[in-house]
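A lone chain, given as structure tokens: the form predicted on its own.
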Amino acid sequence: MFQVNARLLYNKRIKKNCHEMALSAPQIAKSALPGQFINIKVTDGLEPLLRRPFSIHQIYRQDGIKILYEAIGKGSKALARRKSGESLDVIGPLGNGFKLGRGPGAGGRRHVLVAGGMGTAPLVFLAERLAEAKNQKPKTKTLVLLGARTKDDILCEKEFKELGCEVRIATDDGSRGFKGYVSELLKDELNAIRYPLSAIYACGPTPMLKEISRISQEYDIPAQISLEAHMACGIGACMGCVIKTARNALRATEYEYKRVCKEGPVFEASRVIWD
């Protein structure tokens, strides 16, 4: 973990309230893993007081990091007003990311990435790391399912395709692709896929992740999910973002509390207890 004054390389609106920002932060970029996040002090003053957490979206030109964010709250709107050349106080990389090379499903070569809305952000970084394994044998196969309210809200389709991923779309209103929730599309795809899958990786709204956790258990496919939470400190000190998890996968009645910012934000779906 590093605390740095990161130079803002660009900050642009890509659609509606969605913005993409790149920051020069070599120490963070070199040590970051997919699923980890950074904590940004969005202004130079005391208001807002708390930092804002953002998933690491991509590594930018080796020594920079990208974030993808929606300017809807006080903090994110303040961030959207920041200009190229300014410096931001950034802490990161924080938390535990997706487990590649160890953990459930890590040894396999066929993956499904499921993104709902802004949950797309950390999965592009993950897809990049999975794509690096294409030079290995056997080659990886990555299917990406993107969920959005309408066709105008779809994020990062081009980026995933450029990485060689198969992409399927689900929209709530049916304006593009499958009509319905992306979790429903996941079930359809699992019923149609003829080859065994190693793992599901997902990020998005809590109801979506809850349903994906249920589906992963129904189909007996390991899943890792990136949870969203209100974080005050981002480093595990305040205990403000705890969730209930099973102490043992075989004994769901025995539980313990985990911090989303410290032990997460990525958890094994089978361990999360949904109240």
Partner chain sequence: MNPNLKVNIGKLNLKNPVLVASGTFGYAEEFKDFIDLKKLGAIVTKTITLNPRKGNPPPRTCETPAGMLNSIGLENPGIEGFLKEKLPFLKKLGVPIIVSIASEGGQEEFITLAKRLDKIKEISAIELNISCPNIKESARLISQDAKTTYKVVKAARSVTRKTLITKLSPNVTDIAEIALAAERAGSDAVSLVNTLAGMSINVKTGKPKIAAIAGGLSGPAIRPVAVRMVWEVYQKIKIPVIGMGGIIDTESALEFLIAGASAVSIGTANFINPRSTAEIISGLRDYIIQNKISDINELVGSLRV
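Residue numbers count along the first chain shown, from 1. Quick caveat: nothing in here was measured; it's all calculated off a predicted structure.
A second form of this protein, the form predicted together with the partner chain, is not displayed here; the remarks below concern that form.
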Partner-facing stretch of 56-64, 225-233, 203-211, 28-36, counted where any non-hydrogen atom is within 4.5 angstroms of the partner chain in the predicted bound form: 225-233
One residue of 81, 161, 74, 179 in contact with the partner chain, assessed in the predicted bound form (non-hydrogen atom, 4.5 angstroms): 74
Contact check for 19, 215 and 219 against the partner chain in the predicted bound form, heavy atom at 4.5 Å: no
In the predicted bound form, residue 91 touching the partner chain (heavy atom, 4.5 Å): yes
Proximity of residue 274 to the partner chain in the predicted bound form, heavy atoms at 4.5 Å: no
Touches the partner chain in the predicted bound form: residue 255 (any heavy atom, 4.5 Å): yes
Residue 242 within 4.5 Å of the partner chain in the predicted bound form, heavy atoms: yes
Any residue of 37-57 that, in the predicted bound form, places a heavy atom within 4.5 Å of the partner chain: 41, 46, 47, 48, 49, 50, 51, 52
